[in-house]
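The form predicted alone is given below as one chain in structure tokens.
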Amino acid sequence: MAMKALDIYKLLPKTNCKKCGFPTCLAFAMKLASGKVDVDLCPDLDEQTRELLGGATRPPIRLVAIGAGERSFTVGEEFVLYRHERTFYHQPGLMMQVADTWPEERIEGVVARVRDETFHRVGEDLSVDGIAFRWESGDADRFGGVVGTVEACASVPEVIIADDPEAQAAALAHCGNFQPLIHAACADTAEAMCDLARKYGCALAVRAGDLEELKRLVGLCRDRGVENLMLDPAPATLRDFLARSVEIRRRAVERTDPDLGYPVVFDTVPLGLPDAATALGILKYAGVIIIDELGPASTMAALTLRQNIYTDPQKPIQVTPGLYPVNAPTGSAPVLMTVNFSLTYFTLLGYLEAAGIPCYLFIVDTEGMSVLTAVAGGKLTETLVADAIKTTELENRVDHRVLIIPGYAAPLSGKIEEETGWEVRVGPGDAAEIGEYLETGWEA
């Protein structure tokens, strides 16, 4: 089990020497308990205590890197079963498959999508992370040729899916230096796959439907010098994956089974139900998810779900407060006030851009809270609005003194007028109605 801060503190020197960079030993213990620092920062621990605290405070799931270059990603280093307990840190990599039996045009289409397709949502560019090559032809040379052809036109992370070491070797001859994930080592191929992983410095997935067999394979790989491992629980159904992935995660975060402290890889393709399987992998702890050739709508849905799940629930996504021109406004354009909760901003911005009406978005700092929450929690006040008007020099940007506030902020309208001297008008509660409101109800 993970140690609590006070339990860690009891094992520290309690000298408050500040050699670790923190003012007190208790402060250092609290950082250790949260996994944000390494025990080695304290130079005064004996080796036995250092080993004990290291095993109890380091991330229970190993960090594993996939790929090389700017699109590489890392998975693992998670601490909790439930997102609300802390947060999830490293989102899973979505790897769209191609098979070496596919026609060249189909392979090229998938590669182009993975390389170029991007969805923009709430200030972030979302995309599939890489390509999974699946060996179906039974011909190692053909498999290597497909990998080589794709390598020539796309620099993205890769998974090499082949149960035969010879086919793996043919593929790695083209891409091994770019650190793909080798998938997968089984009971009868583990030693040969380890040799390839060690030769190219790649992460290696081990595959078994039994957790005890997974642990045995992990031990075998470590003994052969391969530390960057991932676990494939070989599910035959979605239910199998759910049960095994949750059990792996539980044992890892509770530190009852360190041999399972590795990220999970989920090959959804053999199971069918691609949308459901992809969503399940995102929700239930997969580190790498091999997906079928999803359409743009399904891909965007999966990326949106991943973005939502891997956003810190204790830290709302925020935009920078300020004055934002929309549709090239002039001095007579309306000014619409709202909060800096990212989803509110981007939703409203989308409707305003679609309406085509020149205006200013006046964003005040409510620490990322929505309008309703900020009003109820006292974060949106007349003083805040008045200070923001001065900070943004709003008076110098428009010819009028009219401020449109969100419908949910209506209780503050009178107070804002008294504090700012601006005329306050209450806009609609639903952002979807803002275009019609401005067309019919706006006049300075």
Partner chain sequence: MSEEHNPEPGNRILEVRLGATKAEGGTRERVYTVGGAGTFPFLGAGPAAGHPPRIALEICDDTRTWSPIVLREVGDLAEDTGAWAAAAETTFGADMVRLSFTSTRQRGFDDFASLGTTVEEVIGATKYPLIVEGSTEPAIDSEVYRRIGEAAEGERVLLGTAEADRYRSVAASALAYGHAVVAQTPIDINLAKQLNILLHETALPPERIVIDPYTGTLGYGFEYSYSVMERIRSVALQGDADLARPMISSAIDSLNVKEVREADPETADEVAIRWEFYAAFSALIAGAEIVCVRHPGTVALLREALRALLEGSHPQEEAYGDESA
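Residue numbers count along the first chain shown, from 1. Note that this is a predicted model, so its numbers are computed, not measured. We call the rigid core the largest set of C-alpha positions that still match within 1.5 Å between the two forms.
Just so it is clear, the following notes concern the form predicted in complex with the partner chain, a form of the same protein that is not shown.
The partner chain in the predicted complex is not approached by R216, whose heavy atoms all lie more than 4.5 angstroms from it.
Using a 4.5 angstroms limit between non-hydrogen atoms, E423 is distant from the partner chain in the predicted complex.
Residue contact with the partner chain in the predicted complex: T118 places no heavy atom within 4.5 Å of it.
Contact annotation: G138 falls outside 4.5 Å of the partner chain in the predicted complex, judged by heavy atom distances. Only one segment in the set 208-216, 156-164, 70-78, 339-347 has any non-hydrogen atom within 4.5 angstroms of the partner chain in the predicted complex, and it is 339-347. Between the options V335, L172, L280, L260, the residue in contact with the partner chain in the predicted complex by a heavy atom within 4.5 angstroms is L280. Of the residues given (Q91, T149, T101, T373), T373 alone sits with a heavy atom within 4.5 Å of the partner chain in the predicted complex.
Residues of 213-240 lying near the partner chain in the predicted complex, listed in sequence order, are T237, L238, R239, the criterion being any heavy atom within 4.5 Å. P165: CA moves less than 2 Å between the shown form and the other one after rigid-core fitting. Taking 2 Å as the criterion, G76 does not count as shifted between the shown form and the other one: its C-alpha moves by less than this amount when the rigid core is aligned. Put the two forms on the same core and the Cα of N340 is off by 2 Å or more between the shown form and the other one.
In contrast to the form presented, in the predicted complex the C-alpha positions of N340 and H90 spread farther apart by 3 Å or more.
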